[in-house]
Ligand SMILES: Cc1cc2nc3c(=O)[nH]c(=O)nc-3n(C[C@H](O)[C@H](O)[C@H](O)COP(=O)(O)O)c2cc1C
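Just one chain follows, in the form predicted alone, and it is written as structure tokens.
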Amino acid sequence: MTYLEALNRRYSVKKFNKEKKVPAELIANILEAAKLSASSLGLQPYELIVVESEAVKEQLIPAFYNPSQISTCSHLIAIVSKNNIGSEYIGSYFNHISETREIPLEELGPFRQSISSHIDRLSEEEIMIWADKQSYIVLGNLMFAAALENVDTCPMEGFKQVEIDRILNIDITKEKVAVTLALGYRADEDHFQRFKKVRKPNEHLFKFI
């Protein structure tokens, strides 16, 4: 299956087959795509919570305005964006660069100072907006990787923020759930899979200058 075939097959599933679970190796591949996602400054200002426990998914059902996907999906991924990118976070990032690329930490000083200065100029609200944008880049990669693995998905923003943060034990002083992605395999009775895709025609979508 080519990537265009995978994207044409993909749709936002409304109901999953509750009896079919996504194999662990496919979940690992999909998560690796998230790990490899681009992020501004390379800081990856987010983390991913992978919910596979039926008990936790059951707790999460009331937190969503449309619970059908949550009650039937194999896995739910919550992308948690951070609003607190302090010196400790940046220091850990540069220690990791130093170890991975075998570069003395002191040689990274100017780069670290540049990033620190940029982050320091941002308010907590601006950092959260920026982190949310990075989270959506991850979301796109997760959906694309899942499509290539023949795993169905549904991105979901329709949740009660206070409820989902509470259930997932989110420290709301530092982070929040930005968006979620349900994964699994489409149910036969989900008639949306048989609808033709509706997208803007090229002349209304692309502009070449």
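When you see a residue number, it is the position in the sequence shown, counting from 1. Predicted model only: the values in this text are computed from it and were never measured.
This protein has a second form, the form predicted in complex with the ligand, left out of what is shown; the following refers to that one.
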Original post:
Which of these stretches, 133-141, 119-127, 95-103, 78-86, has heavy atoms within 4.5 Å of the ligand in the model of the complex?
Top reply: 133-141
Original post:
Tell me, which of M156, I49, L26, L43 has a heavy atom within 4.5 angstroms of the ligand in the model of the complex?
Top reply: M156
Subject >> Interface membership of Y185, the ligand in the model of the complex, 4.5 Å heavy atom rule >> reply: no
**OP:** Using the partner position in the model of the complex, report whether L60 sits within 4.5 Å of the ligand, counting heavy atoms only.
**Re:** no
**OP:** Would you check, heavy atoms only and a 4.5 Å threshold, whether H191 touches the ligand in the model of the complex?
**Re:** no
Original post:
Is there a non-hydrogen atom of R10 within 4.5 angstroms of a non-hydrogen atom of the ligand in the model of the complex?
Top reply: yes
Original post:
Going through 55-78 from first to last, which residues have a non-hydrogen atom within 4.5 Å of the ligand in the model of the complex?
Top reply: N66, Q69
